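Presented as structure tokens, the chain that follows is alone, the form predicted alone.
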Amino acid sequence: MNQVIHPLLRVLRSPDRLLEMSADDQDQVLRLARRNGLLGRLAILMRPAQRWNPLSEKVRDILEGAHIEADEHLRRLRWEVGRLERALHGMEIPVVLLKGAAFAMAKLPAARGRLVADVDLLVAEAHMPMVEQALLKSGWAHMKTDAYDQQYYREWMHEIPPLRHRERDSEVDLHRNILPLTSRLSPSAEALLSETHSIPGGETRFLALSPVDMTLHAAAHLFYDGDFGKGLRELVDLNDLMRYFGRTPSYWQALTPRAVELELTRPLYYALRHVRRLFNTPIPISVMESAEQHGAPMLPIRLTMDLLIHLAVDPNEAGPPGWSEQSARFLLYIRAHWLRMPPLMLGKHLWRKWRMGRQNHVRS
């Protein structure tokens, strides 16, 4: 696809390019990085003295602030994981950290400069009531108390209603799977839990998904969740995971077969296609061919998705999202809901949400 690579992507690919830019272009890169949740990452990339020293004082101050903020997020996250361990102390069950919390506790490159808003935990469905009650007794409370929302999460989704601590406002999402129960894709939670492992370093007793499953979860989360507001950041995560774990040949050898087993070949295909497009990720040709064979959609769908993802994650403007970007993200959001629910259920759900939103608007 012919495209103009926006300046933030150019800098993420080659950080030295920031030094070659004018002050106005540097300002655009900083604003794009902030809007995409990547300012902390940019600060990490520019830390080496040969890059840091030539920057203007203004740029250094902005990046230093982002670096401090990311470090504070990491400190709070680690402390919060400790509080969760205390709340679940004595339970002899596997508890798995997902996404940003797993990246951070495992000290993966994907955690560098990353802001983590909440902690995601995966437990076997049979253990969900016990874990939920333990968290409720330790100060967490449901953020959604409406009867419909409770039913929506407990009967259809892959997680219970999100929990927030009454004193600290920290949030926990308690998962029984990585995709909704009503989704057209149905990865086995038992298969995921069977391949978990301890996190090196001894900082937590919680577990992590295997490197392959961690990658597949990141792909499924981006391409089936439907929220592309931070899509570029999540593609950066995927690039980091593939480059880091891909140093071991067995990782690449296992990736597509595991995706076939978990019914995640389509999100894997999109992930491989777009991280290579954006970051020149060194993916073996055999892996690309295997993923395409098992997961590529028909040509019209592939071309449409290429365009929508390009518009959703490659904005050239640092201001508010433009019409094309908003439209692409909206269509990807609708697609995700279409894949997450059967048509009749989706229609009822969207109708109810529209009515509730309209009622709230009238009351306000």
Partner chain sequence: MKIGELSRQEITARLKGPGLRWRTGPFTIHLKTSAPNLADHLRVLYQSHPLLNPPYDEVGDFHIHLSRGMGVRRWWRPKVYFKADAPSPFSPFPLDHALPLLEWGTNYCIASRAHQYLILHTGAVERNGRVLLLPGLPGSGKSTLTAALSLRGWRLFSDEFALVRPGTGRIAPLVRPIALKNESIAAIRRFDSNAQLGPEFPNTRKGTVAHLRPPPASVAADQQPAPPGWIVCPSFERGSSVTFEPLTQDQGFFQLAGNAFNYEVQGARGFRAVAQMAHHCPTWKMTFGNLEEAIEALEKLTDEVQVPMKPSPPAKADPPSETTPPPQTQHPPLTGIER
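What you see is a predicted model, and the numbers here were worked out from it, not measured in a lab. Positions refer to the first chain, counted from 1.
Here the subject shifts to the form predicted in complex with its partner chain, a form of this protein not shown in this document.
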Using a 4.5 Å heavy atom cut-off, which of 292 to 300, 66 to 74, 331 to 339, 305 to 313 contacts its partner chain in the predicted bound form? 66 to 74
Three-residue site Glu190, Ser194 and Glu261 fully in contact with its partner chain in the predicted bound form at 4.5 Å by heavy atom: no
Examine Leu30 and determine whether its closest non-hydrogen atom to its partner chain in the predicted bound form is within 4.5 angstroms. yes
Hey, in the predicted bound form, is Glu20 touching its partner chain, heavy atoms inside 4.5 Å? no
Should Ile62 be counted as a contact of its partner chain in the predicted bound form, where contact means heavy atoms within 4.5 Å? yes
Look up in the predicted bound form whether Lys58 has a non-hydrogen atom within 4.5 angstroms of its partner chain, and give yes or no. yes
